[in-house]
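This document starts with one chain, in the form predicted on its own, laid out as structure tokens.
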Amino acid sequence: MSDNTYHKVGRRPWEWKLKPIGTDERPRLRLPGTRRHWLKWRDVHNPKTLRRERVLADKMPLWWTLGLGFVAIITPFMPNSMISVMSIFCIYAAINVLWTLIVGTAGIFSLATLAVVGASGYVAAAANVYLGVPWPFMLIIGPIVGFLFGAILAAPSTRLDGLYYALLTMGVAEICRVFVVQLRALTQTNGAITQVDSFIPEAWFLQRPGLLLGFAGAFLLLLGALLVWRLVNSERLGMLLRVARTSREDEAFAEAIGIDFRRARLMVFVISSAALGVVGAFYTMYYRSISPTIFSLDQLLLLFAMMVIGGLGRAEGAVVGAAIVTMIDKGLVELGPPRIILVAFIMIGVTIFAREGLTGARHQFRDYRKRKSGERRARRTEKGGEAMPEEATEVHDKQELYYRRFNKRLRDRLKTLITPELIEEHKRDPLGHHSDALARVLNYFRRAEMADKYVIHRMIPTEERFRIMAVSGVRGLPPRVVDDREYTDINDAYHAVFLLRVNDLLES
């Protein structure tokens, strides 16, 4: 083997690094209407090449672009049945993303998501069929109905929470289903409204051009839902709710720090409901009809399975869960009822092995690996110098470990020099000529770090009154008083500082 052969050691992450020119200005392109950048780059200094490098701090937008781009490119080459499945996936994923805003960001466990979608779809369909409203205006009627329905559902959330609110919203969804079935005046065919106008021409309906056009609309719907997620969850509303939720599970604490917790939750709920209204209108136009099955419990449980499998509180979890369940439920229709059992087994497996869904498995694995590594390091009896083994792995500059080890050995040596005779020698003459042992100890004290270093403070410039203080070592942070004792002799103050440093040395 050649001496110039190098092998990779450890778990260094691979990163794509750019090498910008030092005189170039960084572009400041931001998302429209926000203060966010398209990609989150950060500048780092390479200590080997002594050059500036640029790495991608947040890779999630890149994975989103690759994943959604793959779906958009590969779908036109699929069979007609699979194109229809991909369209349904986009619709369900959009619903899940907006539902995640309500459950995850707002913290309101609502089960009336499909009720909002169904109510908006029914009102938009009735306006089109019975009032002759053109189909483009259905995309305006839908969010208006969703906004109003969401405002009605949001009102009880200020009084109820958790399981009680979930049961209330489930009851609301069932009431909507029964109401639609019994409303014979508008829904003559078993509660369904048919012959709804659509953005897909009637001649193309169920044909390949119509399926591709429907997929394009569903894909844009998913992009719109992700945009709403980004604008709400990553901006001020979402940040306020995350601060209030992670600081303490207490609304009073949130209000005490200036966060109107209830108002922020209600705003997220209403915005998500309005966006779900758009999904309801699109759902009606895509199928050219709407039926009471949109309110059914099995559809709600199917969406819930998507959330559990993908991961609650994450947009990527909503999309991944929708992809898995949709492919099983709609793509494996020939399996019959066993496909539902397969979804149940996947839910159970994910619940057992991944507590935060498939998208949270990576973070869970990292926590597991760190915990096991810490357990292995905890079994060691050696301290390894001044840095514990579990701390040594976190120190990037390994020279610091050697310095700490040297410093520990030096302190152990100096501790043997501390004797009553040495202390008495310093008390007799703190500033005179000293023995070799005392000179070594004082030299070590003088080279100590600035943080918590003892100093003598003359209280009044014209008087011999001294006090011992300890500097913080941080610019702008004043020193602290060690004790309230005052010294009238400078030599006594020097000796008091010496005793404090000796005490710290012996206790280290």
Partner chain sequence: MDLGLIVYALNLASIYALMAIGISILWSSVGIINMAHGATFAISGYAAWLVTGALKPVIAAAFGKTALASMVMAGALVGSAIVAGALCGVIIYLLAFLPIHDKPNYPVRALIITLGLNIATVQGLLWTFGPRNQGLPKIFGFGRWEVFGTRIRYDQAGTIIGAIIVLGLTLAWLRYSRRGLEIRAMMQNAEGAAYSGISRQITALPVLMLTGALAGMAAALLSQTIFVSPTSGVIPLVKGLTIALLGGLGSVAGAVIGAILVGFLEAIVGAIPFLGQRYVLFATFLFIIAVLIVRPRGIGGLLDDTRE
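Predicted model only: the values in this text are computed from it and were never measured. Residue numbers count along the first chain shown, from 1.
Missing here is the form predicted together with the partner chain; even so, the following discussion is about that form.
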Complete contact of Leu168, Gly171 and Ala354 with the partner chain in the predicted bound form (any heavy atom, 4.5 Å): yes
Taking heavy atoms only, is Arg159 within 4.5 angstroms of the partner chain in the predicted bound form? yes
Quick check on Leu266: any heavy atom within 4.5 Å of the partner chain in the predicted bound form? no
Interface membership of Pro201, the partner chain in the predicted bound form, 4.5 Å heavy atom rule: no
Though only this chain appears here, would Val178 touch the partner chain in the predicted bound form if you measure heavy atom gaps against 4.5 Å? yes
So which of Val270, Ala126, Leu301, Met327 gets a non-hydrogen atom within 4.5 Å of the partner chain in the predicted bound form? Leu301
Taking 4.5 Å between heavy atoms as the contact cutoff, choose which of Pro209, Pro136, Pro76, Pro338 touches the partner chain in the predicted bound form. Pro338
Looking at heavy atoms inside 4.5 Å, which stretch does the partner chain contact in the predicted bound form, given the options 303-311, 318-326, 411-419, 221-229? 303-311
